[in-house]
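Shown next as C-alpha cells: one chain only, the form predicted alone.
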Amino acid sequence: MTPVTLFYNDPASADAWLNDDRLLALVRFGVPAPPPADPRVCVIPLPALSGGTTVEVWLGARPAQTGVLDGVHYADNGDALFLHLHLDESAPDALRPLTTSAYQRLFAAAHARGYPHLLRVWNYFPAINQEAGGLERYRAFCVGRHAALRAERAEQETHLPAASAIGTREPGLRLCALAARESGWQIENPRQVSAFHYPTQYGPQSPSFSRAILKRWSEQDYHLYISGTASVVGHASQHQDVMAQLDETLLNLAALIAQASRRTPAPLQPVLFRVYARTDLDPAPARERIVRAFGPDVPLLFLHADICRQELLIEIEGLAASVAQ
C-alpha cells in the first residue's frame, strides 16, 4: 500500500480529517489565519480563481507522529515525512540568507526524523519578480537555495528535489516539503535544458531543482512528483498569450510523464494538477484544454499567483502515479 495518498477535498468537510491519525498534511489556500495548533495544517496564501476553495489532503497508510523542530512542523508515518515552516523576512534584500537558513532547518528536521531525502519542495514568497539589493528576488532565492543544497550534499546535481517557486501577496518565506528514507530518481524533460544548467542570463546561480522525482514506494507503486512546469522549451520562455503558453506547458507535462513512464512497470497517469495563473483568468477554457490533453478525471486546482519569470503567465505542477488512488 502506498504510504501517502494525495487528493483535493471540500473545505466544509476537511476538518474531519484532523481526527484521522493517518493524516500527514492538510493544506489550505487563501488568506493566512493565526498559526494553527496542529502541525499537520499548512496554509498557502494564494486565492483560488473564480472564488472557489479547495483543501489538499495528504493521507498516510499508517498513523503519523507529529511535532515541531526548530520551527519546522512535521508529520511522518514511518515511510513518508511532510514538513513545513514559515519565516519572516527582516528586509526585502535578506531573502538569500533567509532561504539558506530555511533549507538548513528543513534538512536538520528531516535528518532528525530519519528521512534524509527531499523528494519535493514548495517555495512561496512575495514580490518574486521585484528587484532588491540589485538582484531579482527569485534569483536571490536561487542563490540561497543552492548554497544550502551544496552544503548538504557535494554531489547535489544528482540529488535535486522536484520543486516550485511561486510568488504570493503575503509576507514571509513559506516552505513545504515531502521527504523519504530512500531517494527517488531525477527525471528531466527531453524538451528542456536541465534547470541546473541554465545559462547565466537567468541569474548568478541556476535554479537547483529537477523537473520531477520518480519515487518507487513498492514493487508496483510509483509516484511522479512534478515540478512547476511552464511554457519553456530548451531554456527559453515561449509565447506571449496565456492559452498558447498553456498548450506548450501541456506538451511539456506529457513529455515529462512519458519520460518517467519508461522506468515504471505501468504507464504513469496524472492524479491531480495544481495550476498557477498570473492573471485572473476564467478557469473554464483552461480546464477544457487540460481535459483535452489528459482526460476528464484529473482533479484541478486553479490559484492566482505570480510565477518565477515575469513573462510567464501560467504554470502547472502535480502528481502522476502508476496505480489508481
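Numbers follow the displayed sequence, beginning with 1. What you see is a predicted model; the values in this text were computed from it and never measured.
Note that the form predicted in complex with a small molecule isn't included here; everything after this is about it.
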- Note on the structure: the small molecule in the predicted bound form has a heavy atom of only one listed residue within 4.5 Å, and of Gly144, Gly167, Gly184, Gly228 that residue is Gly228
- Query: Just one of Ala148, Ala163, Leu175, Leu250 has a heavy atom within 4.5 Å of the small molecule in the predicted bound form. Which one?
  - Reply: Ala163
- Given that the partner is absent here, state which listed stretch (242 to 250, 90 to 98, 107 to 115, 206 to 214) has heavy atoms within 4.5 Å of the small molecule in the predicted bound form. 206 to 214
- Query: With the partner left out of view, is Glu315 within 4.5 angstroms of the small molecule in the predicted bound form by any non-hydrogen atom?
  - Reply: yes
- Heavy atom of Val232 within 4.5 Å of the small molecule in the predicted bound form: yes
- Query: Would Asn123 sit within 4.5 Å of the small molecule in the predicted bound form, counting heavy atoms only?
  - Reply: yes
- Using 4.5 Å between non-hydrogen atoms, is Cys308 touching the small molecule in the predicted bound form? yes
